[in-house]
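Let's start with one chain on its own, the form predicted alone, as structure tokens.
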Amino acid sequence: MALPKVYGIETEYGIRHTGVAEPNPIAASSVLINAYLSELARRSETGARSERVGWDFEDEHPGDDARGFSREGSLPPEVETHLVNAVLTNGARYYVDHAHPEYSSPECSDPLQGVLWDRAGERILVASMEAARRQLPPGQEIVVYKNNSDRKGNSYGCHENYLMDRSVPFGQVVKHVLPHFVTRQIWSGAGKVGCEAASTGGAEVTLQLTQRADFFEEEVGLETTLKRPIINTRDEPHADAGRYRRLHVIIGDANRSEVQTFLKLGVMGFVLCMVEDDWFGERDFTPARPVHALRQISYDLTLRKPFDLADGTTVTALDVQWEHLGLARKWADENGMDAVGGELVGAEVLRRWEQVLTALETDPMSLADQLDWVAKKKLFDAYRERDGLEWKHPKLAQLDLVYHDLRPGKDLAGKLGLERLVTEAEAASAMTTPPPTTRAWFRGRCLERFPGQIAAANWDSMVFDLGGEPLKRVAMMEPLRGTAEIVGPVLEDCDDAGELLRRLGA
């Protein structure tokens, strides 16, 4: 039986520092995050908690490859231990990743939780911009965008993470997940004006479905910034490596639409459960040229152009998605939906998946309140008709960027009536409160209750400093333990971390 899924999203935000002669994105990212942490620390003087607990790099091994090898010359991601790297009381990680601020959500046990704590991340970035503005000299501002391209040939990621069964051969994962990644962009893409690929194969690119298709060059590989692969092979489970795999997905867009984030996580949960249960039939949807198919689909706003499969036949992205939906329904009928996050959430994923595919077949523009790329197209079409603009007009590129601007009052996506799945009150609470149904609850509540007694933390352990004793590392190798239900009564009853560790040990 498929393992219960655990979900997480890592978002690298675009950043711009205005009012300076020579902006430095690394320095700007540090200023942004430090400003937020400093304001939290100041509030701690009046009773709130300090969040200056740093990240523990003990278990970081980005060079480990799921295939057991890496191609000669491949470059695993560099771990930069000297930059700002904090753990928040909502269980998330907030840090400078190369030249970007990154928010890595806490572990979530269902797709709707994933949406909520991703939305909390947006609010944390907004609060960070406001904190930085109060600290910067007059005339300077740090602006953050939730997008994936600077339109200068650089791309930054929105990575997804999923808990999987280690016993499933990685080749089986690749076989069935690759077609899904190539085709899901018809409903997961954030949209982009124009193209940054070196070659388009003769296609004229006006508006495309996804911001990331231009930047992928390989089918399978370890790297994340150069020669990006559709399937990333990084093998850091951040859990019991004998039981679990963490599938690290680098091909998704950073969505402003909560519906898309919900589908992106939920549909992937179903796909991975079907992979684990060997549920896929004999039909093989492997593209003959996956990278070419990825771009071909992104450039095709009609959604009708077929791509070549390895078996010599052709198929459309919609065909593949309908096939996967049919298989998911049969799998759910046979197995229930506890593994994807529960019956209610699972049923909603299937309902929305079908509704979106139906609309994409019949009237894509009816999804302007649900899909980023459709919302953009509706907006751009209106401007083009009103002002007689060509697709290459810089005003459309500017609108494309402003769509992802997180500043209140400048947030174009927020003005277009996108459907919300979580409330502002829920998102505000999730900025400081961890999900109660994963180990993130233990991490976050310990940081809330005992910040002065925690030396460092990461995904699968916490290091406690009880003073006068050696540091004590508490392993958290099971992502679905350390929950409010399991540990809550003990943790909330303890006055300090020493008492907590004694009682946990007992």
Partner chain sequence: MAEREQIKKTSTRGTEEVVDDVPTTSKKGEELKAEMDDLLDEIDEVLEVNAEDFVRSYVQKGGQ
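Remember, predicted model here, so these are calculated numbers, not experimental data. Residue numbers count along the first chain shown, from 1.
From this point on, the text means the form predicted in complex with the partner chain, which you will not see here.
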| property | result |
| --- | --- |
| Contact residue in the predicted bound form, from Glu390, Asp311, Glu385, Glu343 (heavy atom within 4.5 Å of the partner chain) | Glu385 |
| Among the candidates Gln140, Thr433, Ser155, Thr200, the residue which, in the predicted bound form, approaches the partner chain to within 4.5 Å (heavy atoms) | Ser155 |
| Heavy atom contact within 4.5 Å of the partner chain in the predicted bound form, the stretch among 335-343, 296-304, 401-409, 116-124 | 401-409 |
| Asn147 within 4.5 Å of the partner chain in the predicted bound form, heavy atoms | yes |
| In the predicted bound form, Thr206 touching the partner chain (heavy atom, 4.5 Å) | no |
| 4.5 Å heavy atom contact, Thr286 and the partner chain in the predicted bound form | no |
| Lys192 within 4.5 Å of the partner chain in the predicted bound form, heavy atoms | no |
| The partner chain in the predicted bound form reached by all of Ser38, Phe57 and Ala132, non-hydrogen atom within 4.5 Å | no |
| Sequence-ordered list of residues in 217-237 near the partner chain in the predicted bound form, where near means a heavy atom within 4.5 Å | Thr224, Thr225, Arg228, Arg234 |
